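Next up: a single chain in structure tokens, the form predicted alone.
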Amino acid sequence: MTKSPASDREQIAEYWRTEISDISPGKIAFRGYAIEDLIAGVSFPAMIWLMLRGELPTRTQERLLEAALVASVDHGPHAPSIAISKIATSCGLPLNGAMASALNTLDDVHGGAGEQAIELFDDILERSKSASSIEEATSVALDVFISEHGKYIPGYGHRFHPVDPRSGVLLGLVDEAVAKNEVGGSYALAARAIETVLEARKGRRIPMNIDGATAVIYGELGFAAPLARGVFCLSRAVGILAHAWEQTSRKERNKGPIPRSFDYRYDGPARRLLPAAR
């Protein structure tokens, strides 16, 4: 028997199929939960978890995700994304345009360290299955990473903070969850092994920074590495919005990267004339 072709409506429904949102006249539900119940019953971090993971988080999962989100909201105009939000606003962009300009800078160099750190942790944990110790696995993984990506290790050291004040609090929350058997602790173990190996190699401690600590949390919570960057963007969007909004009250036009009273250095040729033959 020949199967009848699907109708246009059926083809469109199949084309845009989703397991996330269920919307029809008078009805809104996400992952099976009515929006009325979600509004009254869950926090924003829990809603993020539900949308990304399909189920509601446990209280511990919610708390750890919330802590990571809070920790990453802002780092002042030192952060390029924040500076760009202020520059864009002064150039006349509306808030959404300033936010888009700033968020688009959160790529591999500024914003991607958390994703890269989870990938490194994953490599260490995979190698540890056949290594004699976690430090041996870490040493090999670091050598491979450095050969492929260079000497910068994502999630360690900070250009501004000798010790990142956010990392210890986040790792403490992970340790509490491990002690209660609510997360496994393997990502925290891999992350600390990197500190140990780096200190042995360099003769000085290079502490974990915010990207490394939040990567531990995202790893312990089972987030895929690319989601670490995506969730970081959600968090940093708060600081970007706050600074863009603050800038709207400053009445500054075309705010550049340095005050007008400062000069930059020109390293090109001295002033010269066009060739006469031209």
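Since the model is a prediction, treat every value here as computed from it, not as a measurement. Start at 1 with the first residue shown and count on from there.
FYI, the form predicted in complex with a small molecule isn't displayed, but the following is about it.
With the partner removed from view, the residue among A100, A200, C91, V109 that has a non-hydrogen atom within 4.5 Å of the small molecule in the predicted bound form turns out to be V109.
Heavy atoms within 4.5 Å of the small molecule in the predicted bound form are found in one stretch of 126-134, 76-84, 157-165, 184-192, which is 157-165. Contact annotation: R204 falls within 4.5 Å of the small molecule in the predicted bound form, judged by heavy atom distances. Proximity of K180 to the small molecule in the predicted bound form: non-hydrogen atoms within 4.5 Å are absent; the residue sits far from the partner. Although the partner is absent from this view, I153 contacts the small molecule in the predicted bound form, with a non-hydrogen atom inside 4.5 angstroms. Under a 4.5 angstroms non-hydrogen atom cutoff, the small molecule in the predicted bound form lacks V174 among its neighbouring residues.
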